[in-house]
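To begin, one chain is listed below as structure tokens, in the form predicted alone.
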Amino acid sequence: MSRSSIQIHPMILCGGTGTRLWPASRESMPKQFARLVDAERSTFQATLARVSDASVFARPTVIASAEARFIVAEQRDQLGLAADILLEPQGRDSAAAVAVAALHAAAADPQAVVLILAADHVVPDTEAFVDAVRRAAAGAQAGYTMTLGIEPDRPATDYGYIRRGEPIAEAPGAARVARFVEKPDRAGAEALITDGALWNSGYFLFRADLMLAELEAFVPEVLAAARAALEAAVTDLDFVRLDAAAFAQAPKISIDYAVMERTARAGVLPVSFSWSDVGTWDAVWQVLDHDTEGNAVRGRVSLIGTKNSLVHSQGEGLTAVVGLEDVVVVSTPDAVLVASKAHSGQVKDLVNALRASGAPEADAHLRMYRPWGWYQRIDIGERFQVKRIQVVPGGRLSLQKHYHRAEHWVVVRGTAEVTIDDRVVLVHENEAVYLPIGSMHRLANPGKIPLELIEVQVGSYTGEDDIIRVEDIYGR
């Protein structure tokens, strides 16, 4: 088969919470779904678009957590692209995800060439990326597990490296992997670059049947768990749910340790296009455009005497910085981070400390996304809570009731279809409806534009766990 005729099966891995990019990235909206680099789309959307050329790529598959399923589906649909979505009931690291990907592709074609991509990478040059993938696919077709090695532009200490070995005849420009090197210190990174080592991008291409053979040889428990989880999977709406009990049996191990560092047939194709995994705020600063003072800004920002800094402001608030250099300032409606760029990788330690102290800001945003839209807390106090709610056209909340609170809904945009016990009413802009404690109720948007309303909860308890769902079209 010629290089040009190889159809590549993309598998996009959407795991991880991106805690080093807190407070913009949190468990409720991880970095791969946030618009940290591009104001128009997330890195997940950019990744999906990057593999949308049907002349090169088969229908993509996304492997994501069950919690992120509706975000994945919504962002996919915003692009108007097709993709299968497989749901992991829990994170078991990348080896289990790769095993599922290989099995899924092999069901259609045992010799399918599979491309593993992370959803959080930034690659501005799609044409160069696709060309590199096609060239590496020739090596995968010939029996190598290929990766893309990035030509370094600095002695990075937060990336792994790859030492090149003998050339691979079947893939011009590619070479066998002589050795994978863990993240080095600065002196080690400089020495590796001098020796011609490449950054390990984390992209992998392989034939499905050969990867399954490697997994069987090196980590049979992972493969067995993945196979059982896929065989017992169930379809839920637009998703395929892997079986939780079976998937839980997979040992936690990365594909790097499980296969790549042990196989005798690892190959690497050097590439020179711009690439970043935007793992820290310093990395985000590096990929954004800078002003004449070296600053990268997002949102409502005002700077005086500030240099080589990243200032990221979310929401409607203004973030002002005076007289600082080499810092990261991230402002969100409920949390502010100020850190030196050099120590931005320690944000993960900060998040762990916040979790240990029980701070809700560690994982939850004020705006929480749901399959029907989103809600955002405006105010909360003793015996009351106020929320702003948006429901997408056609969206329907669950039929539910509360034991400890009544609710008042005021429509500010669109039309609400409100079920209250045995009656259904339409509530228009500048109209309100009252939901007594214990009433069975549902909110829906029957219109063509987003429905927005203000919800005022009053009662002895306003927590999210005081929701008794009777019927839910989203299967929650």
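Residue numbers run from 1 along the displayed sequence. No experiment lies behind these values; they were computed from the predicted model shown.
This next part talks about the form predicted in complex with a further copy of the same chain, which is not shown.
J.: Does a further copy of the same chain come within 4.5 Å of any heavy atom of residue 316 in the model of the complex?
T.: Contact with a further copy of the same chain, yes.
J.: Residue-level contact is defined here as any heavy atom of the residue lying within 4.5 Å of a further copy of the same chain in the model of the complex; does residue 384 satisfy this criterion?
T.: Yes - in the model of the complex, heavy atoms of residue 384 and a further copy of the same chain come within 4.5 Å of each other.
J.: Answer yes if any heavy atom of residue 360 is within 4.5 Å of a heavy atom of a further copy of the same chain in the model of the complex; otherwise answer no.
T.: Although a further copy of the same chain is absent here, residue 360 would touch it in the model of the complex, with heavy atoms inside 4.5 Å.
J.: Does a further copy of the same chain get within 4.5 angstroms of any non-hydrogen atom of residue 309 in the model of the complex?
T.: No, no contact at 4.5 Å.
J.: Select from the listed residues 440, 426, 410, 66 the one whose heavy atoms reach within 4.5 Å of a further copy of the same chain in the model of the complex.
T.: Contact with a further copy of the same chain in the model of the complex is made by 410 alone.
J.: Pick from 220, 394, 80, 323: which residue has any heavy atom within 4.5 angstroms of a further copy of the same chain in the model of the complex?
T.: Exactly one residue meets the criterion: 323.
J.: Going by heavy atoms within 4.5 Å, which of 119-127, 145-153, 207-215, 351-359 lines up against a further copy of the same chain in the model of the complex?
T.: Stretch with heavy atoms near the partner: 351-359.
J.: Does anything in 432-471 come within 4.5 Å of a further copy of the same chain in the model of the complex by heavy atoms, and if so which residues, in order?
T.: If the 4.5 Å heavy-atom criterion is applied to a further copy of the same chain in the model of the complex, 432-471 yields 432, 434, 452, 454, 456, 458.
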